[in-house]
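Taking the form predicted alone, here's one chain by itself in structure tokens.
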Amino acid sequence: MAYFDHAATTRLSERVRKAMDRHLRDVYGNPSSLHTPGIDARKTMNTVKNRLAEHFGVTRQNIVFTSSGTEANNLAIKGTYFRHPNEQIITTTIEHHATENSVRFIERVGGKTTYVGVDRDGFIDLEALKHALKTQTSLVSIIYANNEIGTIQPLKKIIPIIKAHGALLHFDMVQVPLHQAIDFSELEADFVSLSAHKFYGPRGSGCLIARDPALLEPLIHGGQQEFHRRAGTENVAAMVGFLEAYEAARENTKAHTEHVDNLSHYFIEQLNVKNFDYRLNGPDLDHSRLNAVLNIGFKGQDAQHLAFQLNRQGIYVSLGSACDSDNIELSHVLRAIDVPKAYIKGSMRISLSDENTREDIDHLLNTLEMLFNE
């Protein structure tokens, strides 16, 4: 097997599984219960949040656990809108569907929205952003590292523009933790979304880091959990898994990045050596991008057919966002960056991790050569 879909999900690591196991079986109390099992669960949850808060440069009151990065994005965007229904929400044309469809929902209920375009590498149009900002802009939501083409937005240019207008700022940083630490105290953002299963943690465990959670209207109503921002009995085992996965990612960031960078350079080098007619969609390697996320357009090919044939050979790639796998339309991200017609239909995403090897890359390339020559 050669798995090249780590931007969609990573496997649960053994370290994380072991950390979660005791809390799946033995620490079973409801954290809201006022008896010993419940208190034990509450202590565990508070310990998890305190340790994460140290990593993020915040307090535990700034961390709202969710079921996913998708829910975290929804909470940031809709939670802000419901507090300021007459104000504008701004986002970009290359967002994850969790953001895009949250903003589309706001449009359907009569809210004011604006989409800012990007250049051919996926970098936000700063002049268009300046023009879009209004006195009554409540929130700007931007994907920091794009899940389809790897583009990393220039925060040092973006943040001053938004802060000068007094708008709130949300970053979708779901793809980031394997590649760099997140210091919320230095970001000057108001909200950041994360999801554990993108860095060898459990599915069903995300979080929203919020500078002031009281600015958000809850989307789920019930009890007083998550400082009144997200009702429902907490999944303590998943929280433990999130923490363990994040700490492992921080410990391994340098080695992971070096390994992935080497693989991505080797892959592009071999595409050239073997004379593939291809296009790297998004920035060049090492140019403000995640080298782990390679969106490659093969001229004159059908990526859906290629992905199906690769799957039969035990090679797993994707066509873009895993949240859009049932949609046969071309990726909105690739359309937004104007990928040429000759390459867009043959575009696939190859997302790497430290579990991939050069042998995996060779297997992929050799199989593609075989398929192209059929």
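What you see is a predicted model; the values in this text were computed from it and never measured. Start at 1 with the first residue shown and count on from there.
Beyond the structure shown, there is the form predicted in complex with a small molecule, which is absent from this document and is the topic of what follows.
- Item | the small molecule: the contacting residue among S102, N281, S195, T91 in the predicted complex [heavy atom, 4.5 Å] | Flagged contact: S195.
- Task: Select from the listed residues L216, I124, V174, A238 the one whose heavy atoms reach within 4.5 Å of the small molecule in the predicted complex.
- Result: Selected option: V174.
- Message: Since only the chain is shown here, I'm wondering whether I143 would be in contact with the small molecule in the predicted complex (any heavy atom pair within 4.5 Å).
- Response: I143 belongs to the contact set for the small molecule.
- Would you please decide whether T151 lies within 4.5 angstroms of the small molecule in the predicted complex, comparing each non-hydrogen atom pair? So T151 does not count as contacting the small molecule.
- Task: Considering only heavy atoms, tell me if N147 and the small molecule come within 4.5 Å of each other in the predicted complex.
- Result: Yes, N147 is a contact residue.
- Query: Would A7 count as touching the small molecule in the predicted complex under a 4.5 Å heavy atom rule?
  - Reply: Residue-level check for A7: yes, a contact with the small molecule.
- Query: the small molecule isn't shown here, but in the predicted complex, which of 340-348, 66-74, 41-49, 25-33 has heavy atoms within 4.5 Å of it?
  - Reply: Of the options given, it is 66-74.
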